[in-house]
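Next up is one chain by itself, shown in structure tokens, the form predicted on its own.
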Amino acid sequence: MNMNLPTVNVSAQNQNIVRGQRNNKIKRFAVIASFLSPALILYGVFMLYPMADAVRYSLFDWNGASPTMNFVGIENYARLATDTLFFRALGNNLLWVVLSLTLMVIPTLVLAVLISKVKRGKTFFRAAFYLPSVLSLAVVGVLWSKIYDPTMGPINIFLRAVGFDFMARNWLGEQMFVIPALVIASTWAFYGLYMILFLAGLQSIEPQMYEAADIDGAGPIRKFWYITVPSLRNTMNVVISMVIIHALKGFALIWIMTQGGPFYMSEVVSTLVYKTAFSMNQVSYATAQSVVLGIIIIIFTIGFNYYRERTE
């Protein structure tokens, strides 16, 4: 019996150690849950629940006011697959993405680099270029509607004054120009925000890298392309993600300036969803459109972040 006593004590000690580790894990989980639970509850109530409810609505036939809803399954999605207007709106969204990336990412980066090299008045230039970002999109939409006015707009007045009357046109009324005109207004409204992000990223680049490049005789373009751009890869990834998401779900500026017109030339999915829900009283079908748009945005975001992590 005396020979078995140490074995019993060792076993009891192991059980106490395991029990203690389990209690520590429970305490650690309780602490983490206590910090995360407010955010998780808010996210669940205001994000996850509405998203799940939207999917549920898309499976019914409902006008938004009737007390009864008829279950139709995937009929709304089958109708969406043959809706040429939806695909036109989606095509306008993709065109908006391409133009936004072209006009925002590199031009805004170049502007941030130029401002970072200004010796005097740097704060003034930062505030001046950031000013459009503090304006509401309603103000931006009204302002640029006046700028694009075919009769009294300053663009056409300037073109006629310098003898280029043939270039003066209805910028928001012609198919070839309405989307680029809207994208330029959107770029003006948001480039200050992206410029601030690039300026913050530029401050993290070691000056010794530029000094070594100067010793090697590198010019401004080579330093920009081989030092600045690679060093700001993470910032560019954030900016590109924000530009794509904004371009896919943009609504306010288009609604204020054109409401998707003329003749659906500037229609995007978000404006089409609004018209379908509140003008045609087809809430369930509009919900199906918004669900598809949300899935596309999620796929874009996950795909881009996966590509970014693979290339880092």
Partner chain sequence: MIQTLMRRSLLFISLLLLVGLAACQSPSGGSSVEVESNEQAAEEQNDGGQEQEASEDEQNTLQLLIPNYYNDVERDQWRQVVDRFSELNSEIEVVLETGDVRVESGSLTALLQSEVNTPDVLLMNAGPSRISVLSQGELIKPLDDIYEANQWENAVRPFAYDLIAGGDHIYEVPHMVDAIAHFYNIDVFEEYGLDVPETPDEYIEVLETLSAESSIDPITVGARNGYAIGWLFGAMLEAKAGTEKLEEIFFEDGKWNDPEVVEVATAMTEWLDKGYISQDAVTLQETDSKFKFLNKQAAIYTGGTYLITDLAEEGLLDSVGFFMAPSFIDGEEAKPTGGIGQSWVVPKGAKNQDAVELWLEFILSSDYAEIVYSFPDYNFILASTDSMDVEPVGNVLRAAAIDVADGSGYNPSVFIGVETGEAYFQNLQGLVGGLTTPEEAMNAIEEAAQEDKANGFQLKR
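Numbering follows the first chain given and starts at 1. This is a predicted model, so every value here is computed, not measured.
The form predicted in complex with the partner chain is left out here; the points below concern that form.
For a residue to qualify, one of its non-hydrogen atoms must sit within 4.5 Å of the partner chain in the predicted bound form; all three of 66, 275 and 278 qualify. Residue-level contacts in the predicted bound form: of 232, 172, 89, 189, one residue has a heavy atom within 4.5 Å of the partner chain, and it is 172. Mapping the unseen interface onto this chain, residue 27 counts among the residues with a heavy atom inside 4.5 Å of the partner chain in the predicted bound form. Among residues of the shown chain, residue 55 is not one whose heavy atoms approach the partner chain to within 4.5 Å in the predicted bound form.
In the predicted bound form, the partner chain lies within 4.5 Å of some heavy atom of residue 146. Interface residue remark: residue 136 is not counted as part of the site for the partner chain in the predicted bound form, having no heavy atom within 4.5 Å.
Shown without its partner, the chain has 45, 46, 62, 63, 64 in segment 44 to 64 as residues with a non-hydrogen atom within 4.5 angstroms of the partner chain in the predicted bound form.
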